[in-house]
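Take a look at this one chain, the form predicted alone, written out in structure tokens.
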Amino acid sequence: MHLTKEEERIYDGEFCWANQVCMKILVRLGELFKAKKLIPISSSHVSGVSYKTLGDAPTEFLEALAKANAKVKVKSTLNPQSLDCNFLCKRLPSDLYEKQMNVLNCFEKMGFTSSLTCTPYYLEKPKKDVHLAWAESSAVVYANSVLGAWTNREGGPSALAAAIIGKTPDYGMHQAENRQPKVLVKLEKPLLDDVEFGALGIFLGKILKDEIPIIQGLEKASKDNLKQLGAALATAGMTNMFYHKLPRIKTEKIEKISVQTSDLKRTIEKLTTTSTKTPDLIFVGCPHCSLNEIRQIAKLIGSRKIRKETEFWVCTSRHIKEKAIKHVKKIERNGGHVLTDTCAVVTWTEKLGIKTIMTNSAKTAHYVPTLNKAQTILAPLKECIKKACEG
């Protein structure tokens, strides 16, 4: 890699240990992927914020960086933490709360914005064609595919290093030639609901590897549905982008895949791992809910009450919760819980006695059997709310 004189000085340790370590992380990453230089970024988004998924050793690294006075150079946001301070912190052991607060304090000292959301684009939408260093896989796919920004799927350490240096290696999705579609996906029938969009993402993620698809038939899809598709696509594979509108290229010579209704049905069935009809938790908000989704949930609940036997969580960012306060109050007045800063996947649901989770998120259904030691029921939003209210 070619480094500027200033970058070389940082690499050689002339600007403190923290900057040197971060520069070395970026240079090693760039060399690994044969990048020729570093490029400036407009923002960074860091994963590895939840103490549940982070653990003690990475926390010690964060403490060392903060103690060395590391500071972010660009707008830098954070993924969800392991609990929220109004609901879950009262139900989980106090030592977990203290360890999580220590992690957040380290990030705060370095100048990170405590967004604590997997949808940073709702806080501030990146401009088209800007370069980012984002680590949350669902946000990466959304940024590249829906917003027209340019970002690789960073790891937590490389996104952290990019935030402190203000640059990232120039490879992968930062180069136009690597953003060309390789596969044309044809749907047998239009997708009907949020679960089918998620199922399509899981199905394609497993067979595409890292290839970029054009998916026909999504021209009228909502941004919320595209968010579910992208999150699931990133969950099951390494694809960082999809086209939902036909780009100006010749498609005659690229590979073609036909997705049948039966493919989606089988995918949904596999993501439902239990035959029980009574979930302990009904969870919506992975990725975090948009303003429109909060509004839709409140409308679907209507005048009904959430059954006391079943917990109903809606997860979103503080930014969206404040904008949707009227709808939030209705959901909570009717027995639901609107949580911020966290989600079911990165908290200790097993410590709360939750053994079965019903969700409309294919990403959640894919992860919780392993991360939460829970059985899953994957169902559309309407069915989730019906189950929450009527059993």
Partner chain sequence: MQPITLKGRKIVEGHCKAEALVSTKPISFLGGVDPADGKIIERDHDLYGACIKDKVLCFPHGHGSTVGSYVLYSLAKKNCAPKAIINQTADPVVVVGAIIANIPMIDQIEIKKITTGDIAEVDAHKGIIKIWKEKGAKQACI
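Positions refer to the first chain, counted from 1. Only a predicted model underlies this, so the values are computations on that prediction, with no experimental measurement involved.
If you look for the form predicted in complex with its partner chain, you will not find it shown, but the lines that follow are about it.
Student: Any idea which of 59-67, 351-359, 36-44, 328-336 reaches within 4.5 Å of its partner chain in the predicted bound form, heavy atoms considered?
Tutor: Only one stretch passes the 4.5 Å heavy-atom test: 59-67.
Student: Between the options 111, 155, 166, 217, which residue brings a heavy atom to within 4.5 Å of its partner chain in the predicted bound form?
Tutor: Contact check passes for 155.
Student: Exactly one residue in 145, 225, 235, 290 has a non-hydrogen atom within 4.5 Å of its partner chain in the predicted bound form; which is it?
Tutor: Of the listed residues, the single hit is 235.
Student: Let me test this: is every residue among 180, 182 and 294 within 4.5 Å of its partner chain in the predicted bound form, going by heavy atom positions?
Tutor: No, the whole trio is out of contact, none within 4.5 Å by any heavy atom.
Student: With the partner left out here, check for me: in the predicted bound form, does some heavy atom of residue 136 sit within 4.5 Å of its partner chain?
Tutor: Yes, contact at 4.5 Å.
Student: Taking the shortest heavy atom distance, is residue 28 within 4.5 Å of its partner chain in the predicted bound form?
Tutor: Taking the distances in the predicted bound form, the answer for residue 28 is yes, it comes within 4.5 Å of its partner chain.
Student: Tell me, yes or no, whether residue 209 is in contact with its partner chain in the predicted bound form, where a contact means a heavy atom of each within 4.5 Å.
Tutor: Answer yes; at least one heavy atom of residue 209 falls within 4.5 Å of its partner chain in the predicted bound form.
Student: Using a 4.5 angstroms cut-off on non-hydrogen atoms, would residue 54 count as touching its partner chain in the predicted bound form?
Tutor: Contact check for residue 54: yes, within 4.5 Å of its partner chain in the predicted bound form.
Student: For the heavy atom contacts within 4.5 Å of its partner chain in the predicted bound form, list the residues of 271-296 involved, in sequence order.
Tutor: Result: 273 alone.
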